[in-house]
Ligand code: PA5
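What follows is a single chain, given as C-alpha cells, in the form predicted on its own.
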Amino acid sequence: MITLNIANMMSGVMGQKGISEKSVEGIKDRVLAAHEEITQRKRSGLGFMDLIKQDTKDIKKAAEAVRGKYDNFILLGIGGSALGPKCIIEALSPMHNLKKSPKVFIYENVDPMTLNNILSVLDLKKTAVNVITKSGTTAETMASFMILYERLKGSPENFIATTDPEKGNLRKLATELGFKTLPIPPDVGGRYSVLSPVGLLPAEIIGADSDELLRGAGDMQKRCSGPDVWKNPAYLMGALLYLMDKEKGRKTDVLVPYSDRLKVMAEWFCQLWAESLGKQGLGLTPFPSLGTTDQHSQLQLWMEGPEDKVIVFIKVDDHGADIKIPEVFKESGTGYLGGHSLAELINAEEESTELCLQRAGRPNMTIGVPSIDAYHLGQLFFFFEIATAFTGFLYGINPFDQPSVEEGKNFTYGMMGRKGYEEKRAEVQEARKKKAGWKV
C-alpha cells in the first residue's frame, strides 16, 4: 500500500514554516463538508469512484482481438484521454515499441509533422485505431480521426471508438459505420477517466492486467473513505496543500517522482490538479518534475527561490531492477560509489533532497510506493483523483468542470467554420485587428 509522510510539512519539524496540528483541526468543518460532498454525491463528476466495480470482459476481448491481428495500435485523444494511457504505458511497459508488439503510438496534439512521421513508419492496414472522445466534438481528436478514416475507408474493423455509451457525435458515427465501441460512463470526466476503458484498453494492449489496476484503486478507495483527515492520506495531502496556500502563500505544488517510469504521472497529475482547481481566482499551480534529473536544473530554485512552493516527492522502494556499480577507479574521487547500486543511489538522492529542503525551511512531503506495478499504479491514480476532488470542495469550487477551456473551444469552432459559432468567429477577427498594430 502506498504511504504519505508529512513530517516536513508540519510545524513540529519545520517550525513557523510548517502547518500546525491546530490549523488542521481548525478546518475540520470544511473537511467534513467536503467529505459529505463526496460520500453523498452532491455533484456530478464523482462517477470515477464507481469504476473499480466495472466488468472488464469487453475490454479484454477487444485487446485480445487487436493483439491477435494488428502490428500497431494508434490512440487518438487529448488531455486525459492521452495522458492517462501514456502514464500506464510508460510505467508498466517502458520502451514498449522496442521490445513488444503491437507497437503503440499516441497522437495527442494536432502537429501535422508528428502525424506525418507516425504514418510514415506504419502500414495502416495492419494498424488498429482507438479514437477517444466522450463528446465526439473534440476538434483535435476528430480531425485526426477524419484523416485516418479517410485513409482506411472500407475498414471499419480497424477502429475502436471509446466514447459516451448513448449520445454524441462519435457514438452516432460509430453506430452508423459499424465500429467496435467501449463506453466512458456519463458521470466520468476526461481527466478522471484513466481507470475507464480510456486507460484500461491500452493497458491490456501492452499486456498489463486491467483488473490489477482496479484492485489497487479499490483498496485505495477503502483507505480513503473515512472522514478523519489524520487517517485519510488523500484528504491529508489536500488539507495540507490547501493550508499551505491559505496560511503561507505557497500556491505551487511540484510533483517529483524519483523514477523515469513515473515521469508521465507528474504530467497527468498536472492536468488533473490544474484543470480541477484553477477557478474563480482560486487554486494551486502544479509543476511536473523528475528526480534525480531536476536536482541539477531546479533544486537551486526550490532551495533559495521564492517561497511559494511545496515539493511532493514520490519515492519508489523497489524499482523492479538494479545494477551494481563496479568497484573500479578506487583511487579516484568517485571510488566511494563502487559496491553500491543504482537503486541505492537514486533512493539516497531522494532522501537527501528531502533533508536539504527541510533544513532550508522549504516544506515537502513524500508519497512512498512499494513498487511500480499495475496494483500500485491503480492506487496512485485513485489517490490523486480523490485528493483533487476533496481539495476542490475545500476551496468551495466545482472540481469537475472547466468553463474557461470550453470558451477556447468555442473560439476554435468559430475559426474553423462550425455552424452556430459565427459570433465567435467575428470576435476572433476583431481581436486580430487590435493585435495588428503591435507586431514588432
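Predicted, not measured: the structure shown is a model, and the values here were computed from it. So that there is no doubt, residue numbering starts at 1 and follows the sequence shown.
A second form of this protein, the form predicted in complex with the named molecule, is not displayed here; the remarks below concern that form.
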{"query": "Triplet K60, S196 and P202 all within 4.5 Å of the named molecule in the predicted complex via a heavy atom", "finding": "no"}
{"query": "is_contact(R43, the named molecule) in the predicted complex, heavy atom dist at most 4.5 Å", "finding": "no"}
{"query": "Non-hydrogen atom contact E275 with the named molecule in the predicted complex at 4.5 angstroms", "finding": "yes"}
{"query": "is_contact(N97, the named molecule) in the predicted complex, heavy atom dist at most 4.5 Å", "finding": "no"}
{"query": "is_contact(K86, the named molecule) in the predicted complex, heavy atom dist at most 4.5 Å", "finding": "no"}
{"query": "The named molecule in the predicted complex: contacting segment from 285-293, 254-262, 127-135, 206-214, heavy atom within 4.5 Å", "finding": "127-135"}
{"query": "Proximity to the named molecule in the predicted complex, single hit among L337, A343, I78, L173 (heavy atom within 4.5 Å)", "finding": "I78"}
{"query": "Proximity to the named molecule in the predicted complex, single hit among P102, G190, P233, P363 (heavy atom within 4.5 Å)", "finding": "G190"}
{"query": "Residues within stretch 380-402 having a non-hydrogen atom within 4.5 Å of the named molecule in the predicted complex", "finding": "Q402"}
